[in-house]
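Next up is one chain by itself, shown in structure tokens, the form predicted alone.
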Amino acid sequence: MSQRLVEAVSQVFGVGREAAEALLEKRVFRIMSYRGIVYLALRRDYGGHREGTVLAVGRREYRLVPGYPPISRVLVLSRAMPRHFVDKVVVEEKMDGYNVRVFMLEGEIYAATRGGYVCPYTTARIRRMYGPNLLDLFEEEGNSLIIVGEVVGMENPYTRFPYPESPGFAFKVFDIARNNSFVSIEERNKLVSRYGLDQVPVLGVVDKHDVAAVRRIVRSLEERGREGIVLKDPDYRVPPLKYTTGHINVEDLRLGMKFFFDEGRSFLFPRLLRQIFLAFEEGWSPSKLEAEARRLGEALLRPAVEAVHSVASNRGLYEEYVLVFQSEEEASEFEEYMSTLGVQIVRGQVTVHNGELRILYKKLKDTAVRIMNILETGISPLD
């Protein structure tokens, strides 16, 4: 066990060396490595640190990247907004991607996912697209900053949603942390603008009682098929809240039900709950309720039945995505990382475009195995 690693754990968690060694042996962390650094991904809340916290250890220094705090979800806007906020509310678009924290260690940029893993693919893409801008920001504003954003677009291995303005891969900043606290929205906007970064769209600033204005914003997003909003205090005096559109609730269910054993009840019920209270707050008429019930029922049943037919006819059941790499070495690095996490992926077609590798991956899903067992035995795995 690296003495440098033990020393870093000892200092961060305020324990002696023996206690630090014991923590490492108890598997409170997952020990990983990436291009010259060793890092610890905190598996669960521990010692005042959130799950997903990263302790990255380089040759000369280490960097603690706190886990990103969960954001409470609003079900009834008219009740939550006036009670939760102080006065003004910043309304930002909630984009459908995956949460990434970008940090610098010993002059290099790294990108950590919500779970606390330094993803080789995400890191490489962000370095190529935003590296010079981010390095300037860290060097001039302080290398202890943490830039938090959403990776969106279709060229990623986690969450793919089609954004016309960001079709491939984009990193949209929504928070900047300094000394473990988020800077104000105004300061974040200035830093993003000054260093030429992208950020999530700011859709308005409203009074906390102006629920009607927020509903108009949500309706506009609904009409465009977007995900939803995040409501923030301009100075972070209270935590943010999030709210999703009815469109995305149903579309999430439609996508999730293709792999219904993988997604499970923890995925399905929260989205049903959102639709229940959306119907209540908007006061759906009987005809509106009937139309939405039909849409919801189709989203739940059709993709699941199609998945069973796909397995039964030996067409397979995969999640597919295309990733872009600069080299074969970069692709192999990503594949090894996914294997380490226990994620099974299979290479498909490989093409070369503008000197870059474009590789189709198929991600194997447990739902296919479960369906096959049911088709063979006729017995349900659930009561």
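These numbers were taken from a predicted model, which means no experiment stands behind them. Counting begins at 1, following the sequence as shown.
The same protein has a further form, the form predicted together with a small molecule, not shown here; the description that follows concerns it.
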{"property": "One stretch from 103-111, 217-225, 70-78, 284-292 that, in the predicted bound form, holds residues within 4.5 Å of the small molecule by heavy atom", "result": "70-78"}
{"property": "Contact test, all of Val308, Arg315 and Lys365, partner the small molecule in the predicted bound form, heavy atom 4.5 Å", "result": "no"}
{"property": "Proximity of Glu93 to the small molecule in the predicted bound form, heavy atoms at 4.5 Å", "result": "yes"}
{"property": "Contact flag, Arg125 vs the small molecule in the predicted bound form, heavy atom cut 4.5 Å", "result": "no"}
{"property": "Contact label in the predicted bound form: Lys242 to the small molecule, heavy atom within 4.5 Å", "result": "yes"}
{"property": "Interface membership of Phe174, the small molecule in the predicted bound form, 4.5 Å heavy atom rule", "result": "yes"}
{"property": "Residue (of Ser166, Gln275, Asn99, Asn156) lying close to the small molecule in the predicted bound form, criterion heavy atoms within 4.5 Å", "result": "Asn99"}
{"property": "Val200, Leu137, Ala304, Val211 - the one with a heavy atom within 4.5 Å of the small molecule in the predicted bound form", "result": "Val200"}
